[in-house]
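Considered here are two forms of the same protein chain, supplied as structure tokens in two stand-alone entries, structure 1 and structure 2.
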Structure 1
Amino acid sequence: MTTITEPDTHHDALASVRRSRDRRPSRWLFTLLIGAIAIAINIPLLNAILVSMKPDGEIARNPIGLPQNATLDHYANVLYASGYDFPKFFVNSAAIAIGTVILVLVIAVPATYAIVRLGFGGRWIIDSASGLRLLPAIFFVVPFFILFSNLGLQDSIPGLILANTFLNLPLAIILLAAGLRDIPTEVEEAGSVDGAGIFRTLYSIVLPMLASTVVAVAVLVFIFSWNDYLFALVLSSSNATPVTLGASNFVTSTGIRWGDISAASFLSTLPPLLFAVFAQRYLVSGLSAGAVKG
């Protein structure tokens, strides 16, 4: 497990193949290549950051360059000056996203293990879960509204957590099922010969091996529930409004407030970014691989 923080070259699946060719200077070539790709796909965000610092009059005048009269007005508008309670929107979004991640994992991890390894219900459960994701969100949004109105969950954080759990469970089950299939059953059988119960096998043998998948699921579920729009639009009105809805208030009846919405878009990527940074040490280091190798 020492490999968590400092992976050795064996760690990278295919790196060993190329090890003989892998000389240090050439690694910088990968840095350059990947850096170029990473910057290219982030042009929309980089542009948003630039626009968010330009005064209104400069946005049309100076589309490419750095801000000539940099301003933080748009950030002030987002955070307090515009009359919208963005700090609250951020707290709402964070609570919804974190709550959804926890609930999805609590439901999906044991259930997927039971389905895939213990033969609970059979594959049709996964088939049906996948089928649910095939339906457009619009199909569910009005029934959810009626259900939540009756249960008193309308315009509440728990309500949106439940709705996002609904949206993301299929994704979690599919990914976890795929991840479980990667783990050789011999490992678990060895564990059960040792006398470990099913729960202990799951907790102390399977979960560590499944960790990178679990983390990937957590990251994706966090992102997807952070970014949810349609359900939030219908299922929240004031108490549980998330950032995505709040930001779209800058699309006004007299045009789009480009600077403000750029600032809001940029700020709204920061929490998922932080979550990914926190999670990526498990992803990048490949915790599961470390466990396999002992």
Structure 2
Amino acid sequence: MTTITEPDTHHDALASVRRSRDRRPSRWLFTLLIGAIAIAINIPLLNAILVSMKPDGEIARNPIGLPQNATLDHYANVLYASGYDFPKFFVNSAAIAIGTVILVLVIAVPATYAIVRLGFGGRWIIDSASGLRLLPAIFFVVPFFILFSNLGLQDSIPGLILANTFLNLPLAIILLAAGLRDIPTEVEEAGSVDGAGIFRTLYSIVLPMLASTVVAVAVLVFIFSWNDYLFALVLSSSNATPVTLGASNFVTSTGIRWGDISAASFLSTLPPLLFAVFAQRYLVSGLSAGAVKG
């Protein structure tokens, strides 16, 4: 006679608990390691915050460490001091970053759809975009300076928008192409059967399914455009000065005002930081598009 034994569920539960306990030390170690790396990476930002709250004399005596006599004078200088128009610099940065995001998405979304789904140009366009993104930005500075000087776009917000669009467009195409390949073509075929044309298929069917990748592209383009310093240094002088370049106004002939520079730097990091935090969920899902194939 054959005896059928029931699985020992109690033994399996105990084994599962033991395995979970065995993994706990490694998880704690991994968490501590990631925390240490995060702190090390953010040391410059943390030190800038501390320096921005120290009086000038204390900065000279103790540039590293907690402030003994905390003050907000440096923030008052940044926001209200004569000769430093921080609100204008802030508006310029916002206009440049938002304008670049809009222009990049307007160009990249239909261009990527034409490349990936309609076969326009072939695979070499994606490869060329990847290679173009690897080139250093300084490679394009002199040609842009000559071109914009002749076109009357020097020291203008539209000029900086065009320059940042050129720099960030390859990244947008690469990310959107990866996200688009994750969308099954059967969905688009069903829309075409119902009478949807190419543009309606793109904007009514594909674009909502590509929303997380689009948001990720928008966040990255916004951050890169906001943080741009090289193009702003070469292509602007006064009218289109962003906050990244405006902080250099505190380097004067009489010395470097480290407290004011730190306050300006910290204030300039808040918009992209908050933008990235609120869009973190879309940023992670958008950047992971195309990474895993089932």
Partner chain sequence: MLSKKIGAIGALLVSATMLAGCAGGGSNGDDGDGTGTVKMVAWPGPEGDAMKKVVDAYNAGQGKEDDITVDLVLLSRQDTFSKETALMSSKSSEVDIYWTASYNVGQFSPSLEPLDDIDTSNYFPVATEGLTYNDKLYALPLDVSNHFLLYRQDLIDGLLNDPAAVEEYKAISADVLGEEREPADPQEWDLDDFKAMSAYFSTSTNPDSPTQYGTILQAKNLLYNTMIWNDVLWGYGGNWAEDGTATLDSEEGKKAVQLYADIYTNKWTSPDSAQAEFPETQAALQSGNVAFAMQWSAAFAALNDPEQSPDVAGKIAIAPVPGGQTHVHALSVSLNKYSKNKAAAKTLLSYLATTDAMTAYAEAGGIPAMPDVLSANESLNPAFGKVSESISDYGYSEPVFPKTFQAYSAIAEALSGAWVGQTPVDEAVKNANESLQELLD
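Each form is matched to the other, and the largest set of C-alpha atoms that superpose within 1.5 Å is called the rigid core. None of these values were measured; they are calculated from a predicted model. When a residue number appears, read it as a position in the sequence of structure 1, where counting begins at 1.
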Taken from the structure described, the form predicted alone is structure 2
Core aligned, does the CA of S253 move at least 2 Å between structure 1 and structure 2? yes
So that I can tell if M53 moves, could you say whether its C-alpha shifts by at least 2 Å between structure 1 and structure 2 after the core superposition? yes
Is N62 displaced by at least 2 Å at its C-alpha between structure 1 and structure 2 when the rigid core is overlaid? yes
Can you give the CA shift of T31 between structure 1 and structure 2, in Å, with the two forms fit on their core? 12.0
Cα of L273: shift between structure 1 and structure 2 in Å, core-fitted? 3.7
